[in-house]
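Here are two versions of the same chain, shown separately as C-alpha cells and labelled structure 1 and structure 2.
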Structure 1
Amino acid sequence: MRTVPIAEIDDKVAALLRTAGQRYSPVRRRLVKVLRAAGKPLTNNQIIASDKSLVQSSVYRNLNVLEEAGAVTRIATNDEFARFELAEHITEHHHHIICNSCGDIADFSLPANIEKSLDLSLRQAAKKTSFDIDNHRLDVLGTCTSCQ
C-alpha cells in the first residue's frame, strides 16, 4: 500500500471536520497520526498505548467526531472491541484479514488487475439482484498465528 503524506491526510481530515462544523484540534491530529502510523485498525486501548498523552474519555469522544465527519471508519469484529482506521477515501482502498479468535486485523491490498476483476464480479452479482454498488469491502476471516 502506498503511504499517503501526513500533510495530505491532515488537509483531507481538516476539510471533513470543517464541513461537519468541527475543528481539527490537537487531540484529533494526534489520533489521526496514531491511526496513520499503525497501518491497521486499532482498538481504543491500542490507540491510547500508542500515545500516552491521549486520555481515554477524550479518545472515545474524538473518535466519534472523526467517525461522524467521515474521516475514520469503525470496524466491528467477533470480539468485544471496535477498531478504528482512517477512512479509505483519505488513505487508499484496501481489505482486511480478521482473526476470528482475538479480533486482530491486518490490512492488505490486491494487485490492480485482481481488484478490477473482483469489482467486476461483484457488480455482476449485484446486478442480478438489482442492487447498485458504490464500493466494496472485503473481509477475510481466519485465525492469526498467535491464536493457532
Structure 2
Amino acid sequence: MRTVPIAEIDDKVAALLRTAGQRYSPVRRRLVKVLRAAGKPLTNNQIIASDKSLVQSSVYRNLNVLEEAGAVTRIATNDEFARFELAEHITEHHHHIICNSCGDIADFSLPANIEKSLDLSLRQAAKKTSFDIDNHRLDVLGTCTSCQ
C-alpha cells in the first residue's frame, strides 16, 4: 500500500476540519501523525502508548472530532475496544485482516477488477432490502503470525 506523504495528509485533514468549523489543533496533529505512522487501525491505548504526551480523554475527544469531520474512521472489531484509522479518502480504499485471537489488524487491498464487480453485486443485492447504500466493509478473519 502506498504511503501518503504527511504534507498531503495534513492538507486534507486541515481542509476537512475547516469545513467542519474546527481547528487543526496540536493534539489533532499528533493524532494524525500517529495514525499515519501506524498504517493500521489503532486503539485509544495504542495511540497513547505511541505518544506519551497524549491524554486519554483528549484522545477520545479529538478522535470524535476528526471522525465527525470525516478525517478518521472508527472501526468496530469483535474485541472490546474501538479502533481508529485515517479515513479512506485520505489514504485509499482498503480492507482489514483481523486477528481473532489478539484483535490486531492489518490492512490489505484487492485487485481493482474484483473490487469493482463486488461493488456492483452488492448494490444489486442491496436493492432488495431498500436500504440506501453508502459504502461497504470487507474484513478477513484469521490468526496473525504471533498468535499462530
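Worth saying up front: this structure is predicted, and the values here are computed from it rather than measured. Under this definition, the rigid core comprises the largest set of C-alpha atoms superposing within 1.5 Å between the forms. The first residue in the sequence of structure 1 is number 1, and each one after it adds one.
- Where the criterion is the form predicted on its own, structure 1 meets it and its counterpart does not.
- Rigid-part membership between structures 1 and 2 differs between R83 and N113 [C-alpha given to the better-fitting superposition].
- Rigid-body analysis between structures 1 and 2: the smaller part rotates 15° against the larger, C-alpha superposition.
- Once the core is aligned between structures 1 and 2, the alpha carbon position of H136 differs by 3.4 Å; this is the C-alpha shift at that site.
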